[in-house]
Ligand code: T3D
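Listed next as structure tokens is one chain, alone, in the form predicted alone.
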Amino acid sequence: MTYTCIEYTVNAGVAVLTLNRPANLNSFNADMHAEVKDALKAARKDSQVRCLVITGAGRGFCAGQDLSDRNVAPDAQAPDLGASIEKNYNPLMRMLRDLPMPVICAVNGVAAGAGANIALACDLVYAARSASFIQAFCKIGLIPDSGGTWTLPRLVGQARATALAMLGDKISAEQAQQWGMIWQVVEDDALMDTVLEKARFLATQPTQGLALIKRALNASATNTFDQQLDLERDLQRLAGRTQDYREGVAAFMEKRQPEFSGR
């Protein structure tokens, strides 16, 4: 597939997906949705990809939905936004969450609306010091989507999630880090170097084990304690059958650095 709205590259086990509509603050239209889904499918199928980085081109990460695709005249029939979410955002979020590898988001500027929630759904979020996050939905009479009503309360608590969703205040990268929304704030000119260094490290680690960690942590939000114990048992059984587990134990016993294959 030839991409016009994103860039997608793979190098040394790291795939980098760059949202590339900078004139529109990388907001989503139909073409971008199709291209991002295609790139996520490519990353999942490519055995050489062991970590995915998502970032944005230009001065913003992602402004969410391109509203010019949904402009509603006063006398026009109301659009079915639920159908749009079912077709576009929900499949994207499920694909992103289920990728069997670490996903790092490098938030290089404003992350608004669905753009903020896509970032927060990634496993590790690094943000440039100049970046910001805003749940802009309330400003046009909508609710947070792209998993925002699920992710935000779990990251920052009910009170802060409610305020962010109802007031639509912009918060800085530093505030997001203090509240536990993101992992780390990085100086603007060091963002991609920092993220790529961490991505290259993760691409040398036991990929299947990291994927199982994701499954366990994601399930913990809705499992009971007993259910989670059972899941840990089942996933640990799978982890113990990987080549990387054998290599990790052998390297420990031989007092050397492990060489994980991702299998």
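Residue numbers run from 1 along the displayed sequence. Everything numeric in this text was worked out from a predicted model, so none of it was measured.
The following text describes the form predicted together with the named molecule, which does not appear among the structures shown.
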Item to complete: State yes only if every one of 13, 15 and 103 has a non-hydrogen atom within 4.5 Å of the named molecule in the predicted complex; otherwise state no.
Response: no
**Prompt:** Should residue 20 be counted as a contact of the named molecule in the predicted complex, where contact means heavy atoms within 4.5 Å?
**Reply:** no
Check: Though only this chain appears here, would residue 239 touch the named molecule in the predicted complex if you measure heavy atom gaps against 4.5 Å?
Finding: no
- Does the named molecule come within 4.5 Å of any heavy atom of residue 68 in the predicted complex? yes
- Message: in the predicted complex, does residue 124 come within 4.5 Å of the named molecule, counting heavy atoms only?
- Response: no
Within 4.5 Å of the named molecule in the predicted complex by heavy atoms, the stretch out of 94-102, 158-166, 142-150, 184-192 is 142-150
Note: exactly one of 175, 90, 130, 84 sits with a heavy atom within 4.5 Å of the named molecule in the predicted complex, namely 84
Residues in 102-133 that come within 4.5 Å of the named molecule in the predicted complex by at least one heavy atom, in order, are 110, 112, 113, 114
